[in-house]
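Next up is one chain by itself, shown in structure tokens, the form predicted on its own.
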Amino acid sequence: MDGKTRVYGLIGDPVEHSLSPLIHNSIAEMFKENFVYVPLPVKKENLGEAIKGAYAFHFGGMNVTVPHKQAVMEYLCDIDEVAAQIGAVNTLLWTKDGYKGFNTDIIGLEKSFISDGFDVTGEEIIMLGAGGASRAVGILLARKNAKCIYILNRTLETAENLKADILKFYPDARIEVLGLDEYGRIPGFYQKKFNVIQATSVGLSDATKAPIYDDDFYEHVNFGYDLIYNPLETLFMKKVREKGGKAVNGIHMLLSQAVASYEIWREGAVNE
């Protein structure tokens, strides 16, 4: 490190579990880049001050994780079109006017779906959760022409808002909203098997928790995709596998979105 070292980081709460520092610092070492990436725990009430401070210190860019992916948008000078469509930001780039926001989650998702063999197009998909992470998932499912997207969430109002946001850009998408315990209302649920995306933070750093505990639900999961990567096997994944389904975690998504963030920062550094 020296006076020319560029600083990047990850803001969220919690961030202690994140593999992002390992990934980005490994990228820096691999490509002989003079930058360092650090985890930055930030509470909700301190988000605005944290963004101002990072900008004042000329942090070249940052990743944003839960619970700040939506709230951070009000502190940015510009937002990329795709991120605006998703309504959530996970990557910030320093510019002379402030930070510009991007969303590389959707890039990571699409690449990981392909590499993991998670079928979307023409399929009925169950998505658990309607928070910041699920917004990129919902937009991608609509873009990839899922036959129907069933959003199961604890708070129906939040899920309805997400549905409305997706329909603004993809009016032909078929989306149904249900509570987490209402999966049995999905037409033909007990006669089918579904591909399921676990997009809540339940189970993050705690392998004893899952958004749904009922074995009855997991009997009808063909393929479970959990966006969480720590622990490597969540209770959601374990239950899917115990009932004969395939399950993967979000490590491929993490790696793919990290590379996309790195490319944004590198181009920004060159053009600065």
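Since the structure is predicted, the reported quantities are computational estimates derived from the model, not experimental observations. In case it trips you up, residue 1 is the first one in the sequence shown, and so on.
Heads up, the form predicted together with a small molecule isn't pictured, but that's what we're talking about next.
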> Which one, C148, L180, V82, I186, lies within 4.5 Å of the small molecule in the predicted complex by heavy atoms?
Replying inline: L180
> Considering T104, S112, N195, N153, which brings a non-hydrogen atom within 4.5 Å of the small molecule in the predicted complex?
Replying inline: N153
> Hey, in the predicted complex, is G132 touching the small molecule, heavy atoms inside 4.5 Å?
Replying inline: yes
> Does any heavy atom of T158 come within 4.5 Å of a heavy atom of the small molecule in the predicted complex?
Replying inline: yes
>> T200 versus the small molecule, in the predicted complex: is there a non-hydrogen atom within 4.5 Å?
In response: yes
>> To test your reading of this chain, name the stretch in 132-140, 117-125, 72-80, 94-102 whose heavy atoms come within 4.5 Å of the small molecule in the predicted complex.
In response: 132-140
